[in-house]
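Next up is one chain by itself, shown in structure tokens, the form predicted on its own.
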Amino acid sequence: MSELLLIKVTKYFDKTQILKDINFEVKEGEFCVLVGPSGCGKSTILRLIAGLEEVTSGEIYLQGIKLNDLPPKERDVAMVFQNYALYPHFTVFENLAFPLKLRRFQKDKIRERVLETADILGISSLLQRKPKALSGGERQRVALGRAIVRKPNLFLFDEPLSNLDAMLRIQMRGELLKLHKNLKTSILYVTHDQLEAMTLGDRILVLKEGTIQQIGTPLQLYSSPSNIFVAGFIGSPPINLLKGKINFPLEFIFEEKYRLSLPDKWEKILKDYLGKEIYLGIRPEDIHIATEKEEIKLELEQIEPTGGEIFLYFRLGEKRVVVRQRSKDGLCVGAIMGLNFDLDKVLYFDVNNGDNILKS
């Protein structure tokens, strides 16, 4: 059953089109993430669902009920904003209680709901404090609580962790996942952080310039991106993209002197590209330092330790190739090193439209 359904939703601001034919569903109990660069229309989608903006065309349904003409207070959704939007002159208790007061809940029911929500979020000891006396993480919990206390059918989260420091963001991601598991309520979550999207989402929707590029599980988007934009946006460090030509017998030639012999299993798909340029994509973890015969030799330009992993950057013409590995033993900047590519995991993209050739 679809909890939320958008059908051909389009949005214009004056004559500028922000969203074009947005079609997707959020299933019952699903944690769905909207991800994309700033300005791609992510927050606008949330605002249309919440009723804070009007749909130009298309339809939005929640549990089978059309939302387009319903005022925000009748839509049974709760939205958590990036800036928390807490009332500074209210205590935590009063902030949590406010949405229920607006809906004319009785006092005993309000108190019951507020205490239950505070217990879920671990903020029971903060109920008499005001927002200025809270840390960033505590304010975020109160903002979450104000949404939870209503027990809506759908939560909308608009980059709720972006104001937190790195360590607190990691902690709050875990808290959000536990919260979702306990509440079993559908969530539509907006972020520009692909790592956050991969960590939280049951499914991810990737947006670019107001259009959906791909919808899928984190693993599907990572291992089988629909186009070069998704491949470059999902994954950190980003995928390596090499521009070159396909020749027969099946090989990829790039920078005029490097050759990679490609697996025969792709011959039927790649035959239409013989003699033409394509992009070859390979993830940093699928390139390895050669121990015997190498496929190419490049100069090591930079070593970037990140703790448990090392990122190695090699110079390739005007570009760089990044390799992910565990150890930096025996490595030094300026060394010429042999590299091997795991060619069974390589992706191929059309130069003209950016589409994944293996998915076309």
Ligand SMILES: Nc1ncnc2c1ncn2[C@@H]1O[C@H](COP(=O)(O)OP(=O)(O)OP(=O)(O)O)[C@@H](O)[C@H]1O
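Note that this is a predicted model, so its numbers are computed, not measured. One-based numbering along the sequence shown.
Separately, the form predicted in complex with the ligand exists; it is not shown, and the next lines address it.
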| property | result |
| --- | --- |
| 4.5 angstroms heavy atom contact with the ligand in the model of the complex for Glu159 | yes |
| Residue contact check: His192 to the ligand in the model of the complex, 4.5 Å heavy atom | yes |
| 4.5 Å heavy atom contact, Cys40 to the ligand in the model of the complex | yes |
| Touches the ligand in the model of the complex: Val346 (any heavy atom, 4.5 Å) | no |
| Output flag, Tyr258, Ser261 and Glu295 jointly within 4.5 Å of the ligand in the model of the complex, heavy atom basis | no |
| Residue stretch of 25-33, 309-317, 325-333, 40-48 approaching the ligand in the model of the complex, non-hydrogen atom distance within 4.5 Å | 40-48 |
| Residues of stretch 46-60 in contact with the ligand in the model of the complex (4.5 Å, non-hydrogen atom) | Glu53 |
